[in-house]
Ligand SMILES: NC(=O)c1ccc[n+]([C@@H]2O[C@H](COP(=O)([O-])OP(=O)(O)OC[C@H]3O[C@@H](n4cnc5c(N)ncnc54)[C@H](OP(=O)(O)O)[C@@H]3O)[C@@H](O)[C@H]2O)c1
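The chain that follows stands alone, in the form predicted on its own, written as structure tokens.
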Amino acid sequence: MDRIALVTGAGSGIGRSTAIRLSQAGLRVVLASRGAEDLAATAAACPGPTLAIPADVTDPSAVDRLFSQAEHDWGAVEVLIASAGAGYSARIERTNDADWYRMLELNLTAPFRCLRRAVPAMRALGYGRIVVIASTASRVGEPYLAAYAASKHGVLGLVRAAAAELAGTGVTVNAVCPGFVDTPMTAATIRNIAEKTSRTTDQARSALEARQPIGRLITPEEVADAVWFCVASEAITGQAVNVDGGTVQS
């Protein structure tokens, strides 16, 4: 499959593993993230051709520059993986406007801008695969996650609406909803829990592992496999694929 994929958040974690998985499947992969050094490390781990483009997808003009450079150098993006994201935890009354808008901008608005930019070329080609990395927080609400859960619920609504609109065009749109994944983002969550609860980091990690019925964190590679499952199929669209060890049954 010699198609062109673009992966945001490709510098680490789920984005890096997904980029590697797509490269292993024979796709040419455009790597986007804020850190050039992280992108270089991801590129080195990919067996096939890569194009690294540092970009901050929360910058309103950066998304267009990212796609324009990819199109100039390689051609139209046929597979879009919106993986860039971040978490935030606080009580509702301690969540200020800046924290709220930061979650919406990165977890909801940035994927929307990427999707909006990708869709015209995909329509013209009669082929496209869009996968957004959402979260189990797209499916259920949890304490102290008001801003994060709102952004992730919103992005699932975006996926479903886009899938309905693009049905029959050859373009599919899906979400992958991981639970707690063994990534730098979860490591930061573990440190935050340890600081606020006087637990050790090992105890905090064990607490997160125990919240998933399989008793461990999900690996980034397992999430990447679910992404590929969505990319490889024409019949799967408008879906939210849980990768959470059985935490949310749906």
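Only a predicted model underlies this, so the values are computations on that prediction, with no experimental measurement involved. The first residue of the shown sequence is 1; numbering continues from there.
A second form of this protein, the form predicted in complex with this ligand, is not displayed here; the remarks below concern that form.
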property	result
Per-stretch contact check against this ligand in the predicted complex, the hit in 196-204, 23-31, 44-52, 179-187 (non-hydrogen atom, 4.5 angstroms)	179-187
is_contact(I14, this ligand) in the predicted complex, heavy atom dist at most 4.5 Å	yes
Heavy atom of A224 within 4.5 Å of this ligand in the predicted complex	no
Close approach of L106 to this ligand in the predicted complex, 4.5 Å, heavy atom	yes
4.5 Å heavy atom contact, D64 and this ligand in the predicted complex	no
Contacting member of A147, V77, V131, A84, with respect to this ligand in the predicted complex [4.5 Å, heavy atom]	A84
